[in-house]
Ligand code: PEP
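A lone chain, given as structure tokens: the form predicted on its own.
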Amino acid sequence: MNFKNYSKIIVANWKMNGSFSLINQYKNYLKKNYIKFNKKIAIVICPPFPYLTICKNKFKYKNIFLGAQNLSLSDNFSKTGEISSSIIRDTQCNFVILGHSERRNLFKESDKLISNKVNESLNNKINVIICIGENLSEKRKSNTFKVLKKQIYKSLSNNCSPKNTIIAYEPVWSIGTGKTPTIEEINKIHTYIKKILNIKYHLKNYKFKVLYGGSVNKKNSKDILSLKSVDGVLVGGASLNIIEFAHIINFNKN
């Protein structure tokens, strides 16, 4: 997938949700309405592992891609219940989400572990969506930029590039709460993230794609996606309703 071919990237993170019923709802809606979608917008659907293959078979559209929600650091190793990068690649996944705040907080994944997973993924030709973001305490202490810079330098690897890596800014205090930063804050933070990425990788003209995530829904998505500094969104709960998710995808038609 060439990221440059798309004006925006919309990612659906189903988390530990999903069913054959939901997949069929997506399939039936897309069959009737896909022709109305802007083909310059990339759609990435990230279901739980058991649904990866069926989603691949059901959603055969040029600008719809498949993503996993995590991977094991060890490839082809004796770890019952884990999913290796080679298995994910075998399902023809284009992406994997790494560093999500739920993985960082609930499973205590460190920046170093995330960086190692990033390398594991990239070595197996799987593009990465790396999540970064501050919690409420860090925000209240005005440490947002400091936290983001640290995560960028520690969670990404030297193998990352604008061709294989997407950053998702997800303020932890916003995820699932219905609260979001102001449009001005999102613009300022995304501009900062792109600046730091350019410094780290010695680039110019903001080449990395940076998505916004955290309580994205059909009411706020148009304002967020209209920002030049925002290259797309990472959608959680709203992606479990195909009609609402389609509204977000078609933000520039609403």
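Numbering starts at 1 and runs along the sequence shown. Since the model is a prediction, treat every value here as computed from it, not as a measurement.
Another form exists, predicted together with the named molecule; not displayed. Remarks below refer to it.
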Checklist entry - Though the named molecule is not shown, can you say which of S85, S174, T144, T165 has a heavy atom within 4.5 Å of it in the model of the complex? => result S174
Item to check | Proximity to the named molecule in the model of the complex (heavy atom, within 4.5 Å), stretch among 209-217, 66-74, 195-203, 51-59 | outcome: 209-217
Next on the checklist: Residue-level contact is defined here as any heavy atom of the residue lying within 4.5 Å of the named molecule in the model of the complex; does E134 satisfy this criterion?
Outcome noted: no
Next on the checklist: Is it the case that I10, even though its partner is missing from this view, gets within 4.5 Å of the named molecule in the model of the complex, heavy atoms only?
Outcome noted: no
Next on the checklist: Within 4.5 Å, heavy atoms only: does G237 come near the named molecule in the model of the complex?
Outcome noted: yes
Next on the checklist: Just checking whether E170 would be counted as a contact of the named molecule in the model of the complex - the rule being heavy atoms within 4.5 angstroms.
Outcome noted: yes
